[in-house]
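One chain comes next, on its own, written as structure tokens: the form predicted alone.
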Amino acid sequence: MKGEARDRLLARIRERQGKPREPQPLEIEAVRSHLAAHPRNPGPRDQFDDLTRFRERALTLASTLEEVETLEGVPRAVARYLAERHLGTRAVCWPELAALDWPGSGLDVEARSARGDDLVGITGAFCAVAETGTLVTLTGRHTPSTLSLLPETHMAVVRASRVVRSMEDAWALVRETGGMPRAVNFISGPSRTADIEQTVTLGAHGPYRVHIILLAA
């Protein structure tokens, strides 16, 4: 749901409750106080290096992973991955990645939301969780969720500095944004289901390939 539509929906709910359409300062402060007073949920107790654990967990979840030094190296990494798997040279990406030199690596990449016939979606990531090997994305006008949901192959660029230890740390980062995204998506490897005869099938409800490009700089 787009932010404007969500705001209108919430405003109508508030009106039915006999409240002003917009939250009042006292209400906002009450929510902030509640969040500040709420204890953190338990996190991992064992000691581990965040990046090492993230790599291990991501691979366990059937994601694949490559590390590159700079953002400029991302097109070459994408081209290499697609060529090795014979996945063509076309893709769609988030606007924040549009300025990269995709043609220089022989790729035809458009910055737009994904459609049903797009096979490869390239996104960034808000952060990643070392504890579970999970990618976290916030959906919005410039970060459409279609790119990580519709194409058969989802490739995500994650900065090493955005790998946090636990899910609680990821939520803390979300709160620091000061706003409410359309949605928070947690991506733990390719889509999978075992609904039919308890046989695990990849790609039933989303991509059956998730490739993480871990960016050092």
Partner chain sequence: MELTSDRFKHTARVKLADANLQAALDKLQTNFVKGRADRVAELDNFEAIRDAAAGIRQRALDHLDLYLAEFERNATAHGAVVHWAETTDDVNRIVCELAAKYGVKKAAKSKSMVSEECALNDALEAAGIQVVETDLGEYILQLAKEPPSHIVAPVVHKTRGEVSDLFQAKHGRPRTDAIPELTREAREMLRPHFLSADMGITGANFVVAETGSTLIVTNEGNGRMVTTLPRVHVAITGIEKVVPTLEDVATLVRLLPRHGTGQTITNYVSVTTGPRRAEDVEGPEHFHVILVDGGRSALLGGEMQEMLRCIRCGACMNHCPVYQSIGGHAYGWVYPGPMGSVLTPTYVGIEKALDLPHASTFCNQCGVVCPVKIPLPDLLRKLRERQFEQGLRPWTERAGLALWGWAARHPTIYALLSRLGVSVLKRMGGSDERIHDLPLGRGWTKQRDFPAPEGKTFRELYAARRRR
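Residue numbers count along the first chain shown, from 1. Because the structure is predicted, anything quoted here is derived from the model rather than measured. Here, rigid core means the biggest group of C-alpha atoms that superpose within 1.5 Å across both forms.
If you look for the form predicted in complex with its partner chain, you will not find it shown, but the lines that follow are about it.
A residue is said to contact a partner when one of its heavy atoms sits within 4.5 Å of a partner heavy atom; D46 meets this definition for its partner chain in the predicted bound form. Contact check for T89: every heavy atom lies farther than 4.5 Å from its partner chain in the predicted bound form. Although the partner is absent here, R57 is a contact residue: one of its heavy atoms lies within 4.5 angstroms of its partner chain in the predicted bound form. At least one heavy atom of G140 is located within 4.5 Å of its partner chain in the predicted bound form. Just one of T52, S161, T177, N41 comes within 4.5 Å of its partner chain in the predicted bound form, counting any heavy atom, and that one is N41.
Counting a residue when any of its non-hydrogen atoms is within 4.5 Å of its partner chain in the predicted bound form, the hits in 181-213 run P181, R182, A183, V184, N185, F186, I187, S188, G189, P190, S191, R192, T193, D195, I196, E197, Q198, T199, T201, G203, A204, H205, G206, P207, Y208.
Once the rigid core is overlaid between this form and the one not shown, L10 counts among the residues whose Cα shifts by 2 Å or more.
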